[in-house]
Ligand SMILES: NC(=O)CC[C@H](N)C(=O)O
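Read the single chain below, which is given as C-alpha coordinates and is the form predicted on its own.
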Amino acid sequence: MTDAFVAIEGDRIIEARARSPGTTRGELVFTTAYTGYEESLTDPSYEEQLLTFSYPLIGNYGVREERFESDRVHPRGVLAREMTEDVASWLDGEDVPAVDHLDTRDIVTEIRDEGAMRAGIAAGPDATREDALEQLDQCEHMSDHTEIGAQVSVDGPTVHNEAGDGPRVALVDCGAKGSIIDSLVERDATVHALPYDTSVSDIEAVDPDLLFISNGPGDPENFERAGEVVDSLVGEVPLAGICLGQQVVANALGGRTEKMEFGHRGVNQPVRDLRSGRVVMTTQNHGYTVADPGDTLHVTQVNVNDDTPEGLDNDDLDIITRQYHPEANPGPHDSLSFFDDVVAMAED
(Lines give C-alpha, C1' and ligand atoms only; values in the text may rest on other atoms or scores of the structure.)
Protein backbone atom coordinates (compact mmCIF):
# COMPACT_ATOMS: atom_id res chain seq x y z
CA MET A 1 0.00 0.00 0.00
CA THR A 2 1.36 3.41 -0.97
CA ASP A 3 0.28 6.14 1.44
CA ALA A 4 3.59 7.96 1.91
CA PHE A 5 5.99 9.88 -0.31
CA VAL A 6 9.62 10.93 0.14
CA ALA A 7 10.83 13.85 -2.02
CA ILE A 8 14.60 14.17 -2.42
CA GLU A 9 16.65 16.98 -3.94
CA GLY A 10 16.37 16.84 -7.71
CA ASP A 11 12.60 16.32 -7.27
CA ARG A 12 12.94 12.55 -7.12
CA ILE A 13 9.93 11.02 -5.35
CA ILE A 14 9.93 7.63 -3.64
CA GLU A 15 6.72 5.83 -2.73
CA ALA A 16 6.48 4.15 0.68
CA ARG A 17 4.16 2.94 3.42
CA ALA A 18 3.21 5.27 6.27
CA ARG A 19 3.95 3.91 9.75
CA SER A 20 3.61 7.21 11.62
CA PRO A 21 1.61 9.92 9.81
CA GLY A 22 2.56 13.52 9.23
CA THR A 23 4.69 15.84 7.12
CA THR A 24 8.29 16.75 7.83
CA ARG A 25 11.60 17.75 6.28
CA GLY A 26 15.30 17.62 7.02
CA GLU A 27 18.73 16.54 5.85
CA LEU A 28 18.56 12.94 4.62
CA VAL A 29 21.29 10.79 6.21
CA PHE A 30 21.87 7.12 6.95
CA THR A 31 23.33 4.98 9.71
CA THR A 32 24.96 1.59 9.21
CA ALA A 33 24.22 0.49 12.79
CA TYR A 34 22.48 -2.88 12.96
CA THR A 35 21.55 -2.54 16.66
CA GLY A 36 20.93 0.44 18.88
CA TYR A 37 17.98 1.99 17.07
CA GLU A 38 16.61 3.29 20.39
CA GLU A 39 19.90 5.05 21.16
CA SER A 40 20.16 6.43 17.62
CA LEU A 41 16.62 7.78 17.59
CA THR A 42 17.15 9.61 20.90
CA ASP A 43 20.60 10.97 19.99
CA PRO A 44 20.42 14.81 19.90
CA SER A 45 23.00 14.84 17.09
CA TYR A 46 20.23 13.77 14.68
CA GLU A 47 18.26 16.99 15.23
CA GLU A 48 16.87 18.45 11.97
CA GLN A 49 17.68 15.27 10.02
CA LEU A 50 15.77 12.41 8.40
CA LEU A 51 17.35 9.16 9.56
CA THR A 52 17.54 6.20 7.19
CA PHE A 53 18.40 2.82 8.71
CA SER A 54 20.47 0.68 6.36
CA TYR A 55 19.79 -2.46 8.42
CA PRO A 56 16.61 -4.01 6.97
CA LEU A 57 14.57 -4.69 10.15
CA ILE A 58 14.21 -2.05 12.86
CA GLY A 59 12.51 -2.96 16.12
CA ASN A 60 13.17 -6.67 16.47
CA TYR A 61 14.02 -6.38 20.19
CA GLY A 62 11.35 -3.89 21.21
CA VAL A 63 11.57 -0.43 22.74
CA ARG A 64 12.97 0.09 26.23
CA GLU A 65 13.22 3.53 27.81
CA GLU A 66 16.36 2.69 29.78
CA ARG A 67 18.26 2.66 26.48
CA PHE A 68 17.25 6.22 25.55
CA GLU A 69 20.01 8.84 25.24
CA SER A 70 17.66 11.78 25.87
CA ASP A 71 14.02 12.46 26.72
CA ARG A 72 12.70 12.49 23.14
CA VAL A 73 13.19 11.36 19.54
CA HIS A 74 15.42 13.81 17.65
CA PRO A 75 15.30 12.95 13.93
CA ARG A 76 12.45 14.81 12.27
CA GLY A 77 11.55 11.69 10.26
CA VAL A 78 12.53 8.02 10.01
CA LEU A 79 12.94 5.70 7.00
CA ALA A 80 13.40 1.91 7.13
CA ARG A 81 13.02 -1.13 4.92
CA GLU A 82 10.71 -2.52 7.56
CA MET A 83 9.93 -1.43 11.11
CA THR A 84 7.99 -3.29 13.77
CA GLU A 85 4.77 -2.12 15.33
CA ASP A 86 6.63 -1.32 18.57
CA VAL A 87 8.85 1.24 16.87
CA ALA A 88 6.04 2.61 14.68
CA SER A 89 3.81 3.15 17.73
CA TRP A 90 6.65 4.82 19.62
CA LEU A 91 7.33 7.24 16.77
CA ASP A 92 3.62 7.91 16.34
CA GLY A 93 3.40 8.79 20.03
CA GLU A 94 6.31 11.19 19.56
CA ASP A 95 4.65 12.78 16.49
CA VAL A 96 7.63 11.83 14.32
CA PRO A 97 6.62 10.80 10.77
CA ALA A 98 7.99 7.40 9.75
CA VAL A 99 7.83 5.31 6.58
CA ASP A 100 8.93 1.84 5.48
CA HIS A 101 8.50 -0.59 2.55
CA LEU A 102 11.05 1.32 0.48
CA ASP A 103 14.47 0.32 -0.88
CA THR A 104 16.84 1.71 1.73
CA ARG A 105 19.80 0.22 -0.16
CA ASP A 106 18.99 2.52 -3.07
CA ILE A 107 18.67 5.53 -0.75
CA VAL A 108 21.98 4.79 0.98
CA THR A 109 23.71 4.39 -2.38
CA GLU A 110 22.32 7.70 -3.59
CA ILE A 111 23.46 9.50 -0.43
CA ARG A 112 26.95 8.03 -0.83
CA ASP A 113 27.04 9.16 -4.48
CA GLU A 114 25.42 12.58 -4.09
CA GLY A 115 26.07 13.43 -0.43
CA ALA A 116 23.57 14.21 2.31
CA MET A 117 20.57 15.85 0.68
CA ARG A 118 17.54 17.87 1.68
CA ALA A 119 14.30 15.87 1.64
CA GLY A 120 10.64 16.04 2.56
CA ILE A 121 8.19 13.39 3.78
CA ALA A 122 4.41 13.24 3.56
CA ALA A 123 2.81 10.19 5.20
CA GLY A 124 -0.77 9.17 5.95
CA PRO A 125 -4.07 8.50 4.16
CA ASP A 126 -4.28 12.03 2.74
CA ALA A 127 -0.60 12.39 1.79
CA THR A 128 0.26 13.49 -1.75
CA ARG A 129 3.39 13.88 -3.83
CA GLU A 130 2.83 17.62 -3.77
CA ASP A 131 2.90 17.61 0.04
CA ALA A 132 6.30 15.92 0.03
CA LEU A 133 7.63 18.37 -2.57
CA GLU A 134 6.37 21.30 -0.52
CA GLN A 135 8.27 20.00 2.51
CA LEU A 136 11.40 19.66 0.37
CA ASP A 137 11.04 23.24 -0.87
CA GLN A 138 10.87 24.48 2.75
CA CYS A 139 13.86 22.45 3.92
CA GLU A 140 16.93 24.43 4.99
CA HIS A 141 20.54 23.39 4.63
CA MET A 142 22.06 22.12 7.88
CA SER A 143 24.46 25.05 8.27
CA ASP A 144 21.50 27.45 8.11
CA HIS A 145 20.18 26.13 11.44
CA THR A 146 22.12 28.75 13.37
CA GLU A 147 20.25 28.27 16.67
CA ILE A 148 20.12 24.49 16.63
CA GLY A 149 21.95 24.36 19.95
CA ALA A 150 18.92 25.88 21.70
CA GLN A 151 16.79 22.95 20.50
CA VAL A 152 18.92 20.29 22.22
CA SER A 153 20.73 21.90 25.16
CA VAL A 154 19.69 22.07 28.81
CA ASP A 155 17.69 25.18 29.74
CA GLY A 156 19.82 25.92 32.78
CA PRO A 157 22.62 24.53 34.95
CA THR A 158 22.09 20.93 36.06
CA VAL A 159 24.30 18.98 38.47
CA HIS A 160 24.87 15.22 38.27
CA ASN A 161 26.46 13.27 41.15
CA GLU A 162 26.85 16.34 43.35
CA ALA A 163 28.43 14.30 46.16
CA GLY A 164 31.06 12.71 43.90
CA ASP A 165 34.65 12.48 45.13
CA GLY A 166 36.15 12.83 41.66
CA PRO A 167 36.87 15.91 39.56
CA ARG A 168 34.37 18.71 38.94
CA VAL A 169 33.46 18.75 35.26
CA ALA A 170 31.92 21.77 33.53
CA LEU A 171 30.15 20.18 30.56
CA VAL A 172 28.99 22.58 27.85
CA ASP A 173 25.85 20.80 26.65
CA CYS A 174 25.61 21.23 22.88
CA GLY A 175 23.29 18.21 22.70
CA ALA A 176 25.01 15.75 25.01
CA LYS A 177 24.06 12.08 24.98
CA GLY A 178 23.05 10.82 28.40
CA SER A 179 25.66 8.08 28.30
CA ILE A 180 28.47 10.67 28.15
CA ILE A 181 27.35 12.09 31.47
CA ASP A 182 26.87 8.55 32.81
CA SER A 183 30.42 7.62 31.80
CA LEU A 184 31.81 10.55 33.77
CA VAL A 185 29.58 9.90 36.79
CA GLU A 186 30.61 6.23 36.82
CA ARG A 187 34.14 7.52 37.43
CA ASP A 188 32.84 9.53 40.40
CA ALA A 189 33.01 12.90 38.67
CA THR A 190 30.57 15.67 39.55
CA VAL A 191 29.17 16.93 36.25
CA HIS A 192 27.80 20.46 35.93
CA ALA A 193 25.84 20.48 32.64
CA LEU A 194 25.60 24.04 31.32
CA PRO A 195 23.70 25.48 28.30
CA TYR A 196 25.39 25.54 24.90
CA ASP A 197 25.67 29.36 25.06
CA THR A 198 27.04 29.52 28.59
CA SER A 199 29.52 32.28 29.43
CA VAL A 200 33.08 32.15 30.67
CA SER A 201 31.96 33.54 34.02
CA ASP A 202 29.41 30.73 34.38
CA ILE A 203 32.19 28.20 33.79
CA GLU A 204 34.49 29.93 36.27
CA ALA A 205 31.74 29.89 38.90
CA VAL A 206 31.83 26.09 38.78
CA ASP A 207 35.60 26.20 39.44
CA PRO A 208 36.02 23.08 37.29
CA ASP A 209 38.87 20.60 37.15
CA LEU A 210 37.87 19.87 33.55
CA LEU A 211 36.08 21.71 30.74
CA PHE A 212 34.17 19.29 28.50
CA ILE A 213 32.52 20.24 25.18
CA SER A 214 29.84 17.71 24.25
CA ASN A 215 28.57 16.24 21.03
CA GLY A 216 25.66 17.91 19.25
CA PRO A 217 23.98 18.55 15.91
CA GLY A 218 24.73 20.88 13.04
CA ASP A 219 27.60 23.08 11.95
CA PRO A 220 30.26 23.69 14.64
CA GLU A 221 30.70 27.25 13.39
CA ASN A 222 27.23 28.01 14.77
CA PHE A 223 28.41 27.27 18.34
CA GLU A 224 30.32 30.51 18.75
CA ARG A 225 29.82 30.91 22.52
CA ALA A 226 31.24 27.45 23.19
CA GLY A 227 34.25 28.41 21.09
CA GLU A 228 34.72 31.61 23.10
CA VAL A 229 34.75 29.58 26.32
CA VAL A 230 37.44 27.29 24.90
CA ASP A 231 39.55 30.22 23.70
CA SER A 232 39.34 31.94 27.10
CA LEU A 233 40.09 28.96 29.31
CA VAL A 234 42.56 26.86 27.27
CA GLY A 235 45.76 26.41 29.24
CA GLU A 236 44.01 27.25 32.53
CA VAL A 237 41.70 24.22 32.74
CA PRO A 238 42.16 20.75 31.19
CA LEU A 239 39.97 20.44 28.12
CA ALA A 240 38.12 17.52 26.50
CA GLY A 241 35.59 17.20 23.68
CA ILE A 242 33.58 14.58 21.83
CA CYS A 243 32.31 14.77 18.21
CA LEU A 244 31.00 18.33 17.75
CA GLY A 245 33.13 19.13 20.78
CA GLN A 246 36.30 18.24 18.88
CA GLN A 247 35.23 20.48 16.01
CA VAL A 248 34.40 23.41 18.32
CA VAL A 249 37.78 23.08 20.05
CA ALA A 250 39.61 22.97 16.71
CA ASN A 251 37.81 26.07 15.39
CA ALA A 252 38.52 27.97 18.62
CA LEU A 253 42.24 27.17 18.55
CA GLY A 254 43.02 28.19 14.99
CA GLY A 255 41.81 25.16 13.06
CA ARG A 256 39.15 24.82 10.39
CA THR A 257 36.14 22.54 9.92
CA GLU A 258 34.17 21.58 6.84
CA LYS A 259 31.06 19.67 5.87
CA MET A 260 31.54 16.06 4.78
CA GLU A 261 29.78 14.56 1.77
CA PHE A 262 27.70 12.04 3.73
CA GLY A 263 29.38 11.88 7.14
CA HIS A 264 30.15 8.98 9.44
CA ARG A 265 27.15 7.36 11.13
CA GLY A 266 27.25 3.85 12.53
CA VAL A 267 28.95 1.53 14.98
CA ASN A 268 31.62 0.03 12.73
CA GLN A 269 34.03 2.90 11.97
CA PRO A 270 37.71 1.84 12.23
CA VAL A 271 40.09 4.32 13.86
CA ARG A 272 43.89 4.02 13.96
CA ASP A 273 45.94 5.49 16.79
CA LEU A 274 49.06 7.03 15.25
CA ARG A 275 51.16 6.54 18.37
CA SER A 276 50.48 2.86 19.04
CA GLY A 277 49.37 1.75 15.57
CA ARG A 278 46.38 0.04 17.16
CA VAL A 279 43.05 0.04 15.31
CA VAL A 280 39.77 0.15 17.27
CA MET A 281 36.17 0.03 16.12
CA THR A 282 34.11 3.06 17.07
CA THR A 283 30.60 4.53 17.15
CA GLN A 284 30.18 7.72 15.12
CA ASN A 285 27.51 10.25 14.19
CA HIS A 286 28.72 13.42 12.50
CA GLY A 287 28.42 15.30 9.23
CA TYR A 288 31.29 17.78 9.75
CA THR A 289 34.99 17.16 10.30
CA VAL A 290 38.20 18.97 11.16
CA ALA A 291 39.81 19.87 7.84
CA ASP A 292 42.82 21.61 9.43
CA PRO A 293 43.70 21.24 13.14
CA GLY A 294 45.84 24.39 13.18
CA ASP A 295 49.13 24.77 15.02
CA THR A 296 47.95 24.12 18.57
CA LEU A 297 46.40 20.68 18.19
CA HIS A 298 48.09 17.51 17.01
CA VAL A 299 46.30 14.74 15.12
CA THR A 300 46.76 11.52 17.12
CA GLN A 301 44.09 9.29 15.56
CA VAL A 302 42.65 9.00 12.05
CA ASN A 303 39.77 7.22 10.35
CA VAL A 304 41.08 4.19 8.48
CA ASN A 305 38.60 4.67 5.62
CA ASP A 306 39.25 8.32 4.72
CA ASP A 307 42.09 9.61 6.98
CA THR A 308 39.91 12.29 8.60
CA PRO A 309 41.08 13.31 12.11
CA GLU A 310 39.52 11.21 14.88
CA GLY A 311 41.67 12.39 17.78
CA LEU A 312 43.34 15.72 18.60
CA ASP A 313 45.63 16.20 21.60
CA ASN A 314 47.98 18.71 23.16
CA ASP A 315 49.82 17.23 26.13
CA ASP A 316 51.31 20.57 27.23
CA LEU A 317 47.90 22.26 27.39
CA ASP A 318 46.03 19.17 28.69
CA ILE A 319 43.69 18.79 25.72
CA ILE A 320 42.10 15.52 24.56
CA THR A 321 39.33 15.39 21.94
CA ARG A 322 37.75 12.58 19.96
CA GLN A 323 35.59 12.74 16.84
CA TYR A 324 33.89 9.41 17.60
CA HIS A 325 31.70 8.50 20.59
CA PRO A 326 33.81 6.68 23.20
CA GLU A 327 30.76 6.05 25.41
CA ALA A 328 29.73 3.47 22.78
CA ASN A 329 25.95 3.50 23.19
CA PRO A 330 25.34 1.68 20.94
CA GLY A 331 28.52 0.08 19.71
CA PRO A 332 31.81 -1.59 20.61
CA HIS A 333 33.55 -0.79 23.90
CA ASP A 334 37.04 -0.46 22.38
CA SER A 335 37.36 3.24 23.25
CA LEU A 336 35.88 3.48 26.77
CA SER A 337 39.37 4.17 28.16
CA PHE A 338 38.99 7.73 26.85
CA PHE A 339 37.00 8.60 29.97
CA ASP A 340 39.69 7.11 32.21
CA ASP A 341 42.26 9.29 30.45
CA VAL A 342 40.11 12.40 30.76
CA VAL A 343 39.40 11.90 34.47
CA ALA A 344 43.09 11.17 35.13
CA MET A 345 44.04 14.37 33.29
CA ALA A 346 41.59 16.38 35.40
CA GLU A 347 42.80 14.82 38.67
CA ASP A 348 46.45 15.49 37.81
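Keep in mind that what you see is a predicted model, and the values were worked out from it rather than measured. In this text, residue numbers run from 1 along the sequence as written.
The same protein also exists as the form predicted in complex with the named molecule; that form is not shown, yet it is the one meant from here on.
Partner contact for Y288 in the predicted complex: the named molecule, 4.5 angstroms, heavy atom
Looking in the predicted complex, residue contacts with the named molecule include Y288, since a heavy atom lies within 4.5 Å.
Wondering, does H192 line up within 4.5 Å of the named molecule in the predicted complex on heavy atoms?
No, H192 sits far enough from the named molecule in the predicted complex that none of its heavy atoms falls within 4.5 Å.
Using a 4.5 angstroms cut-off on non-hydrogen atoms, would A122 count as touching the named molecule in the predicted complex?
Close contact is absent here: in the predicted complex, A122 is far from the named molecule, nothing within 4.5 Å, heavy atoms only.
Given that the named molecule is not shown alongside this chain, does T31 nevertheless sit within 4.5 Å of it in the predicted complex, heavy atom to heavy atom?
Contact with the named molecule, no.
Interface segment, criterion being heavy atoms within 4.5 Å of the named molecule in the predicted complex, picked from 164-172, 67-75, 213-221, 104-112:
Result for this chain: 213-221.
Within 17-52, which residues come within 4.5 Å of the named molecule in the predicted complex, counting heavy atoms only?
Read in sequence order, the lone residue that approaches the named molecule (within 4.5 Å, in the predicted complex) is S45.
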